[in-house]
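Presented below, as structure tokens, is a lone chain in the form predicted alone.
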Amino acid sequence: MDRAIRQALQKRELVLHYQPIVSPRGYSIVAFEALLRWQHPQRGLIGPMEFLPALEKLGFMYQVGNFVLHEGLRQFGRWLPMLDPHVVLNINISAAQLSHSGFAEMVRTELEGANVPASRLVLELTETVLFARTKRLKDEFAALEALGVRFVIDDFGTGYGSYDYLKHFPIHGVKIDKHFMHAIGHNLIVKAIVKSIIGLARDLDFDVTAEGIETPQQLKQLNELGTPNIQGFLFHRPQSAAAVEKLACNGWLTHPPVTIEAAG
């Protein structure tokens, strides 16, 4: 695996796919999340869980993370004229990137090079990124916030410090972990947790997205709780950049023909 990963980096076999996030109002697209994939010459498309541990072990997270930022912004910049002005790009950021001195300046350079306004970029952060409250981390946060970049906490509600991070960092939104969605229809405690997260986000004027929505029943449960933004296979699977661009050219991204009758 280590040898194959090194070859994949050299041969540019790592690619991005994009999964839309939709609004509960009409299910129109409000964001795309850039997701890393490995286009293996023999095995085909490989998901990140199979190779991210090897990337981390080899010390390539910073390099690959910057590739995702560069490539994602470059492709998103091409789609901007075809998208509604509120649509944003979500990119996952690793601890290796955010703790690196000069990361905010690099983000500014990439935004300018792609001709993407900073307000259209959302950085997704996990608790691993937020755990170390070093001065460098806070300085990079401050510089990114000054640019106009926004932040959301991914997999919110699964760790001990999830709520505490809201006090110490300039967070603008949260994403409810998909494991909650799998149990929301038959576990009253999980349903209460999701309800509390949605209520907290509303009180703080945060964006909130529910991940991993795969069934109309899950969507119906969310509708009863106030319905945050939605991401999952029920609406859209991750798609290649070429597929997204084709849809954008046809005008489908601004008026997606989605009807979920069972979620009424």
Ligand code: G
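This one's a predicted model, so the numbers in the text were calculated from it and none came from an experiment. Heads up: residue numbers just count along the shown sequence, starting at 1.
A second form of this protein, the form predicted together with the ligand, is not displayed here; the remarks below concern that form.
Peer 1: So which of Arg74, His100, Arg108, Lys178 gets a non-hydrogen atom within 4.5 Å of the ligand in the predicted bound form?
Peer 2: It is Lys178 that has a heavy atom within 4.5 Å of the partner.
Peer 1: Please determine whether each residue of Gln19, Glu33 and Gly212 possesses a non-hydrogen atom within 4.5 angstroms of the ligand in the predicted bound form.
Peer 2: All of them do, each having a heavy atom within 4.5 Å of the partner.
Peer 1: In terms of non-hydrogen atoms within 4.5 angstroms, which of the given stretches 191-199, 55-63, 38-46, 225-233 touches the ligand in the predicted bound form?
Peer 2: After filtering at 4.5 Å, what remains is 225-233.
Peer 1: Applying a 4.5 Å heavy atom distance criterion, does Glu140 contact the ligand in the predicted bound form?
Peer 2: Contact check for Glu140: no, nothing within 4.5 Å of the ligand in the predicted bound form.
Peer 1: Looking at the partner-bound form in the predicted bound form, is Glu124 within 4.5 Å of the ligand by any heavy atom?
Peer 2: Flag for Glu124 set to yes.
Peer 1: Heavy atoms within 4.5 Å of the ligand in the predicted bound form: does Asn92 have any?
Peer 2: Because a heavy atom of Asn92 falls inside 4.5 Å of the ligand in the predicted bound form, the answer is yes.
Peer 1: Answer yes if any heavy atom of His182 is within 4.5 Å of a heavy atom of the ligand in the predicted bound form; otherwise answer no.
Peer 2: Yes, His182 sits close enough to the ligand in the predicted bound form that at least one of its heavy atoms falls within 4.5 Å.
Peer 1: Determine the residues of 1-15 with a heavy atom within 4.5 Å of the ligand in the predicted bound form and present them in sequence order; the list may be empty.
Peer 2: Heavy-atom contacts within 4.5 Å come from no residue here.
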